[in-house]
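Here's a solo chain for you in structure tokens, the form predicted alone.
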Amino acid sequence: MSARIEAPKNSEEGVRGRFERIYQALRTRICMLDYAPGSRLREEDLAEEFGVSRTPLRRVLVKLEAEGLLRSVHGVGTIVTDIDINELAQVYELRIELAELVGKLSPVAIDAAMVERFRDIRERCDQMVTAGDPREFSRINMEFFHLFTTLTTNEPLRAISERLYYQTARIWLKTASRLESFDELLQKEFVTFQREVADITEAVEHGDLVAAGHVRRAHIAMSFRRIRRASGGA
């Protein structure tokens, strides 16, 4: 069992903050495959770890179930859902279209701080490619998704994009890890992602968010095709 996660000290976290802390932690663990598909999550263990009662924890589990990451099985408990690329095809189709809208709807004003954030993640991505660490790849991929969505102030677009992203976030590692050529495939994915980050960063540097959206759209579409081939799909 994981070590207990303490609430922030010297501050009142509040109900909403506590909910978000637990929700984001569990969602990340599911998408990093720390909780493998089919794993059972025990409410009492999680409540002890996060230092909360089971009531707020259940609210988090209900939300994750509504997002398709968990399912409740009568007589068994809360189970991490499995994922299949063919069942996620329509999710990918919508993600592809929404990516382009990020560059078009309610775009933010690009300033030096925003450019620096993209440059920083580009440098970390370069280091990740050299290190070849799958977990670091997953972490940076998630961070980059959230950074990319800050290019729009359209809150409904950001919310829908986030939900769809986390529905598909674990599919590549799950698919690739079952193949004999896992290391080779993963390295190719590293390099492809590195190129995506570099191209989007360049677009942001030039203040061209429409171009950034086009790049993101193309890479999501290519990623979907690569995963489908790797999993033996059409």
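For clarity, every value in this text was computed on a predicted model and none was experimentally measured. In case it trips you up, residue 1 is the first one in the sequence shown, and so on.
There is also a form predicted in complex with the DNA; it is not shown, and the following applies to it.
- Residues within 4.5 angstroms of the DNA in the model of the complex, judged by any non-hydrogen atom, belong to 48-56 and to none of the other stretches in 48-56, 187-195, 26-34, 164-172.
- Though the partner is left out of this view, V76 does reach within 4.5 Å of the DNA in the model of the complex, counting heavy atoms only.
- Mapping the unseen interface onto this chain, T150 falls outside it, with no heavy atom inside 4.5 Å of the DNA in the model of the complex.
- A residue is said to contact a partner when one of its heavy atoms sits within 4.5 Å of a partner heavy atom; R40 meets this definition for the DNA in the model of the complex.
- Although the partner is absent here, R18 is a contact residue: one of its heavy atoms lies within 4.5 angstroms of the DNA in the model of the complex.
- This chain is displayed alone, yet in the model of the complex one of Q127, S72, N86, S106 has a heavy atom within 4.5 Å of the DNA; that residue is S72.
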